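Quick setup: one chain, the form predicted alone, written in structure tokens, and binding and motion questions come after.
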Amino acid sequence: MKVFVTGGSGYVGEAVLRHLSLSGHECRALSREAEAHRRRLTALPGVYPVRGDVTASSVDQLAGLMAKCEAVVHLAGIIVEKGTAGFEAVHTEGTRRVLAAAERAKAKRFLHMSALGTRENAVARYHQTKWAAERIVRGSQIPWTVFRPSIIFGERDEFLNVFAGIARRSPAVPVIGPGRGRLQPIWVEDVARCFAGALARPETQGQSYDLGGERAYALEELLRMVAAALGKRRMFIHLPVPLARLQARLFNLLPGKPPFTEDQVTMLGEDNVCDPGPMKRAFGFEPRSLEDYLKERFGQG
């Protein structure tokens, strides 16, 4: 099958492309900087980077790039707005544009990356715009499948690696708020397995799947696990939520990508958990444990 993938140059996108390639699919990977990623992506058999932008390319341009593709995998998204077109432009209007192009190109399947916690009346703008995008997908005539992953961990992730970097350098690790909000991280390769598997499973059409690991962890527990995996004894300093919000505003005034944002502080104020049972039954695998990953990644028992 010929598959068009948005967000293919990201770390989730590369894993999805790898699984699609291993399954024998031919993929066109949309990227704003296709040439910069060409060597890395074309190392995967049957993967061809194409230049485009879900917020800037026209529907006609996107449809042209999708020509003869039978399926569209829409992964493009952001977690930090600074330096980007913003949540609404990327998540909501970008999805509207990609879906319109898919309909024009007569694609037969549409797989959409949403996020766990996305729902009507969500408190974080990230989740609000993801929910708006889901509603657009659900209104399509193309058979669709929606995936809602929790925090995704992997070699290039921007969550565990950030805190691992802090734990390596600093005797104190900050914990936003009380640190009791629960997260259910899932391995990037397991997320990719679901996307690739959905193309071979017609029964996944019209379905939404929450993607999470077998266990949920309180935020502080998770951070302590990272430090232990590194073999580091660290203090854990709780940062009151109002102070964390103030810091996030200050970070946004400085150059570079902020370590955390106000919207992320909001999201950490609620649990981000799910029942992984439907995912396991639909795609036939047990998710990799975080403990196993941390032991392999950071080399401690």
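Only a predicted model underlies this, so the values are computations on that prediction, with no experimental measurement involved. For every residue, the number given is its place in the sequence shown, counted from 1.
Omitted from view is the form predicted in complex with a small molecule, to which the following refers.
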Given that the small molecule is not shown alongside this chain, does residue 55 nevertheless sit within 4.5 Å of it in the predicted bound form, heavy atom to heavy atom? yes
Given that the small molecule is not shown alongside this chain, does residue 13 nevertheless sit within 4.5 Å of it in the predicted bound form, heavy atom to heavy atom? yes
Using a 4.5 angstroms cut-off on non-hydrogen atoms, would residue 129 count as touching the small molecule in the predicted bound form? no
Quick one: does residue 32 come within 4.5 Å of the small molecule in the predicted bound form, counting heavy atoms only? yes
Can you pick out, from 194, 152, 160, 124, the residue that has a heavy atom within 4.5 Å of the small molecule in the predicted bound form? 152
Can you pick the one in 176, 226, 113, 107 that has a heavy atom within 4.5 Å of the small molecule in the predicted bound form? 113
With a 4.5 Å heavy atom cut-off to the small molecule in the predicted bound form, the contacting stretch among 166-174, 134-142, 73-81, 200-208 is 73-81
